[in-house]
Structures are given as structure tokens and as C-alpha cells.
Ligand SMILES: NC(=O)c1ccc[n+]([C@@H]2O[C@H](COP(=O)([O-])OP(=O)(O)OC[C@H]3O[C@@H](n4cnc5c(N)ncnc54)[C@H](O)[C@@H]3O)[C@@H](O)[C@H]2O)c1
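What follows is one chain in C-alpha cells, specifically the form predicted alone.
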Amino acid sequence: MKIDFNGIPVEIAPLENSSMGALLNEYRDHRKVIIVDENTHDACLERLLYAFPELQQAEVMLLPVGEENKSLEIVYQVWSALLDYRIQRNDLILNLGGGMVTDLGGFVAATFKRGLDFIHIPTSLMAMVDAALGSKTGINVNEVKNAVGTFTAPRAIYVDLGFLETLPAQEIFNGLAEMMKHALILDGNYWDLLKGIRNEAELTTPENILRSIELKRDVVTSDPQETGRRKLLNFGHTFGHGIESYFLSRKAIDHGHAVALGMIAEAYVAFKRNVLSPKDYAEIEWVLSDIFPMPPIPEAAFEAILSHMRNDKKNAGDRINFVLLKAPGTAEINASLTEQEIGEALLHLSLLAKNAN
């Protein structure tokens, strides 16, 4: 399967059957760098090198695992290594990994010597359906998610579903959170399909992954720089980033997990405003809380989460912006949260956690 994603070719196929060999041939006389983390180094790199033996001469950059390492300190180390390897502007970077690798690797490529070509080879479900798509790069600063980044497009994105076999179930369902986000804001029928899936094989079909890619593609194509409609893709992320940032220096939770909690919180606000029906809200809460564990959020954490939310890049002035869900498949951008609503939604998440335990 091939799809044009705002001018970027995206292929869903085993690597050896893709056009990646032809693309690599364009760089046959140039240096290549493969950026991996510790997990993808052990589980995925061999598959890539087997498909393309010419990459055995590439330099391999090994990143530590974890969102907390998506930092300027790690970026600086990679920049320094690229200088040591004498990488030039006409060389190529291959980002082999999940969202942390594609975010950080894309940022490194976008900024080193004012920009190198790069490709993404996403290995997690979340990266395949969301993080590797849309030409965003980013790193965290002072525990604020993606506070620094660029809009820079890769040459191509190669989605090999075989990499999903290397993932634990937890990682598969983190990707499901982003797929459900796409469904809730854009396609009620897709939500009806996804909400009943609890089986990995049923979830990770090429058709489902393609549908999520298409939904994100349609939004990004209409608003590449996120000045309007693309903000829909932030559903669940206003609360989610605040929660994820709070736990980052404690017992970190995965991005998809945090987004699922954020979708419950933001849907709860819509329900309390009488915008989202009680029936739709109850279904969303039940589905998401059934799949994703509800971590205890002490009331003492509320102010710290609010502080992270105030620093969110989606805000305008003193307004904390979020996506207002009206019904599965329909949402509104640029809605503004009050501190009282934030506190009530966090309290609701806290109560859900207590009831779950």
C-alpha cells in the first residue's frame, strides 16, 4: 500500500518489497547514519540490515530508551558524534524506532548543518499511525513535552508491520490510543470499529493502520503548519501532556497512556458543558478506562499538572486551549479551559483511579 502524505511517500509493506532500495541508491556515494534506541538496536536493526546489506557500512547512533531522554543533552551528544563522523549535508539519516526516535532523530537531521535528508522507519504502532507522520520534530525542555522542534519533512516513511511483532502488548495499546483519537475527532464509524477491539491481530491490520494514516493525512494536508484545523489532532493532548510531564520525573507513563487519560478528561469537560451527550461520554470513559490503567493522581499533583498545561505550545496568551468533543467524529478547536474545569477533570480522573483500585 502506498499513500501520498502531503507530498511525502508513505509505504505500508515489508522493507524488502518497498521502494526504499531505490531511495538508498540515490545516496550510494554518501554516508548514512542509522539512529536507534536500545530496544530497536536489539530487536529491529538486524531486520533492516538483512533487507539492505549496503547499510552495514552505516554509522549507528544508539540512544537511551525513554521519553525522559528526548532532551537537548542527548541531541548535543548526537550532534557531536555526527561531527566526529564528518557527516555532511548531502548525507542521509535513517530513524529506526518509535516516536522518541523519530521525534529526536528528525530534530537532529533538521538542525545539523542546517538540515540533512532523513527517512523514518517507524517500529511502534504509535509511530506508524501518528508520531512519524506530519513532519513534526521535537524534544522536551524542563519536562515540557516537545517544547522545541521544527516542521521538517522526511524524504519518505516506510511502515513495515513486521516490526510490530517485536512489541509487548502494552506498546500496541499505546498506539491504539492515537488511533482512537483519530476516530473520536474525525470518524464516528471508525470509533465504532475500534472501541470493541481488544485483540492485537484485529487492531493491527493494514486496513486499520491505513485508515488512521489517511485521517491524519487529510487533516495535515489542509493545515500543514497547525494554524487551524490540524489542532484537532491535539485532542487529549492538553491534559495528556500535562499528566505525562508530571509523571516524567516520577514513575513515567507512556505517551499513549497519557493521551488516553487526557481524552477522558477533555471529554469530561465537554460532557459537563452539556456539549457531549451523557451516553457518548459514558461510553468513551468506559472504553478508555477498560483498556488503560488509571494511575493515582494525588490532589497535591494538580497544581504541577496545571503548570505544565500552562506551558503547552498549543496555548495562546493566557488561554489554555483544548479540543472540545461534540460527538464521536465531531470536534471543535480553540476551546478555552478554566482552572476550575481543569481541577474538576483531574479530580474525576483521580476518583476513577480510586474506584479502579
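Small disclaimer: the values here were computed from a predicted structure and weren't measured. The term rigid core refers to the most C-alpha atoms you can superpose between the two forms while keeping them within 1.5 Å. Counting begins at 1, following the sequence as shown.
Another form exists, predicted together with the named molecule; not displayed. Remarks below refer to it.
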**Asked** Within 4.5 Å of the named molecule in the model of the complex: all of 65, 101 and 171, by heavy atom?
**Response** yes
**Message:** Given that the named molecule is not shown alongside this chain, does residue 152 nevertheless sit within 4.5 Å of it in the model of the complex, heavy atom to heavy atom?
**Reply:** no
**Request:** With heavy atoms only and a cut-off of 4.5 Å, decide whether residue 133 touches the named molecule in the model of the complex.
**Result:** yes
**Message:** Taking the named molecule as it sits in the model of the complex, is residue 118 in contact with it (heavy atom to heavy atom, 4.5 Å or less)?
**Reply:** no
**Asked** Does residue 32 reach the named molecule in the model of the complex, with heavy atoms at most 4.5 Å apart?
**Response** no
**Request:** Choose from 284 to 292, 325 to 333, 24 to 32, 42 to 50 the stretch whose residues reach within 4.5 Å of the named molecule in the model of the complex, heavy atoms counted.
**Result:** 42 to 50
**Fill in**
Contact with the named molecule in the model of the complex, heavy atom within 4.5 Å, among 110, 232, 248, 167 goes to 167
**Request:** Tell me, out of 71, 77, 221, 146, which residue has a non-hydrogen atom within 4.5 angstroms of the named molecule in the model of the complex.
**Result:** 146
**Residues within 4.5 Å of the named molecule in the model of the complex, restricted to 114 to 129 and counted by heavy atom** = 123, 124, 126, 127
**Asked** Does superposing the core leave residue 255 with a CA shift of 2 Å or more between the shown form and the other one?
**Response** yes
